[in-house]
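This document starts with one chain, in the form predicted on its own, laid out as structure tokens.
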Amino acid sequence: MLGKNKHTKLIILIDPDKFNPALLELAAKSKVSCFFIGGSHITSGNFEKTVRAIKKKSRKPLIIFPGDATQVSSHADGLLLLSLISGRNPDYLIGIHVEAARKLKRSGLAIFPTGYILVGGGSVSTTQKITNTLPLKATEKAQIIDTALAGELLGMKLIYLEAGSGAKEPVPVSLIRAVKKNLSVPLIVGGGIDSVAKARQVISSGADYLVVGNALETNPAFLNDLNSLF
């Protein structure tokens, strides 16, 4: 479902509280490989409702990008088991995982252990606020590479470089290339992708997956522009 690719593939991240059904119609005619679903502050009951709505209207895989331990649904296809390896808050390294373990085991979902690395994107992200962790500086290339490698050596199947929701700038191309060169597991990159030019830069870096979320919430038609790149 999520693997290494010769060419970068596109993933749409959907926040259930900002879900626009029109986006599914556009995605059906696009080169979107799958959907991620999740959010930091989701209204009670809205998560499951949105998961079912997406599965009813789309055949594309739906993978949970959980904001907390409650965001689990057996109606999805998989879940990113995120470990915030760029930070040192034990809750986001193992604590929440323990809380959700039995529920995940019973869910039947495909589980993707994922090393999540928050990189400074020019603004204070929601992830930074909630997890009470500082992002790694994009200039700290060696530390970020070593952090990604540590995640892979710990058995994580994916590495996710994230500039943060609504970031002013995406993860720098030179950093993505350096991390990609040192990994043997798939690399996902997201945050701050709000123009074709920025998307093109990330694609040129060789990342396996590019995630776009915020920009499509306010302008679903942006997906038509992105299609030309994939």
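What you see is a predicted model, and the numbers here were worked out from it, not measured in a lab. Heads up: residue numbers just count along the shown sequence, starting at 1.
Keep in mind that the form predicted in complex with ligand 1GP is not shown, yet the notes after this line are about it.
In the predicted bound form, no heavy atom of P66 sits within 4.5 Å of ligand 1GP. Within 4.5 Å of some heavy atom of ligand 1GP in the predicted bound form lies at least one heavy atom of V212. Under a 4.5 angstroms non-hydrogen atom cutoff, ligand 1GP in the predicted bound form has Y116 among its neighbouring residues. Heavy atoms of G166 reach within 4.5 Å of ligand 1GP in the predicted bound form, making it an interface residue.
Contact with ligand 1GP, judged by heavy atoms within 4.5 Å in the predicted bound form, is confined among 92-100, 129-137, 73-81, 155-163 to 155-163.
Residues are counted as partner-facing when one of their heavy atoms sits within 4.5 Å of ligand 1GP in the predicted bound form; in 1-40 only L13 qualifies.
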